[in-house]
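The chain below stands alone and is given in structure tokens; this is the form predicted alone.
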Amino acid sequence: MSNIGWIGTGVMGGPMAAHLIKEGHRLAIFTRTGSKAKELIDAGARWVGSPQEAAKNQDFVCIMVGYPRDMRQVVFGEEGVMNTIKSGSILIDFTTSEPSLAMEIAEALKKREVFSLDAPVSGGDVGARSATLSIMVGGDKEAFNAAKPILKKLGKTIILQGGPGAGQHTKMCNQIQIAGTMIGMVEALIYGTKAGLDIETMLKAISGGAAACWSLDNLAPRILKGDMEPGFFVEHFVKDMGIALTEAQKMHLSLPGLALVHQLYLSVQALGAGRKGTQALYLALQHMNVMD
């Protein structure tokens, strides 16, 4: 069993860390909100007071935080892992972040003889709890093979995409695809409701055909129950789409569908639902339409 420093125990990070504890790995946990780690500590994790303490003498250092700025602080900050991470260890960044930052971290850690993998995930809270995440990895093949026993405890689809940054670029492709399915799913619900259909019956029909997708299976039922609680925060999806649009601009690409959905999610934030789940897109479309 490995010694693992784990940083970030939110909606996604908490369940992921729990799987590793259950498998017998020894975890040193750091999160900015200590109460979020209580269940993990009760399950056997060790609480530490900073990212650098979490990284000290560990075989793996795993990070799952919210934003690129958080990732930069956790790695390069005054109490960052760069201060203590040991030679020969592997840093695994599960955060959805900027490809350029992943490359910067990999280059900096290489000078310390530390491998770095950017390994953003997809599958939301459902995938995190059931250990069925899709994990998109960028980095050295040798490090990927060494980390695979850890990754297999967290996900079902685990694929090395290329060198540093390739995992993050793949996650951008994932988010671009999801943006399209989210607007399609919400508009189908809006249309079906206005047409007077029994929505559950309608969903049974379309979810078995060409319209089938993860959003229909997992988020449409939450919308029908009025459940807008987060499996994945609106504000984090806005961040991801912003990264994808910035990267697209660097490559001189026009992605009008993504730009439209990004604007719609900004309107969700304007409605005060930035900390709700991505299914809260329904609220914005509902607000735009008369739903009598």
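All residue numbers refer to positions in the sequence shown, first residue = 1. Predicted, not measured: the structure shown is a model, and the values here were computed from it. What we label the rigid core is the largest C-alpha set whose atoms superpose within 1.5 Å from one form to the other.
Quick note: we don't show the form predicted in complex with another copy of the chain, though the next part is all about it.
- In plain terms, the part of the chain that comes close to another copy of the chain in the predicted bound form, with a heavy atom within 4.5 Å, is 186-194 out of 82-90, 104-112, 140-148, 186-194.
- Under a 4.5 angstroms non-hydrogen atom cutoff, another copy of the chain in the predicted bound form lacks Ala131 among its neighbouring residues.
- Residue contact check for Asn3: none of its heavy atoms lie within 4.5 Å of another copy of the chain in the predicted bound form.
- Among residues of the shown chain, Gln177 is one whose heavy atoms approach another copy of the chain to within 4.5 Å in the predicted bound form.
- None of the heavy atoms of Asp59 is located within 4.5 Å of another copy of the chain in the predicted bound form.
- Judged against another copy of the chain in the predicted bound form with a 4.5 angstroms heavy atom cut-off, the residues Ala28, Ala37 and Lys152 are out of contact without exception.
- Leu253 is the sole member of Leu224, Leu266, Leu253, Ala43 with a non-hydrogen atom within 4.5 Å of another copy of the chain in the predicted bound form.
- Proximity to another copy of the chain in the predicted bound form, taken as a non-hydrogen atom within 4.5 angstroms, holds for one residue of Leu258, Val48, Met228, Val238, which is Leu258.
- Shown in the overlay between this form and the one not shown, fitted on the rigid core, is a CA shift at Asn145 smaller than 2 Å.
- Taking the rigid core as fixed, one finds a CA shift for Gly77 smaller than 2 Å between this form and the one not shown.
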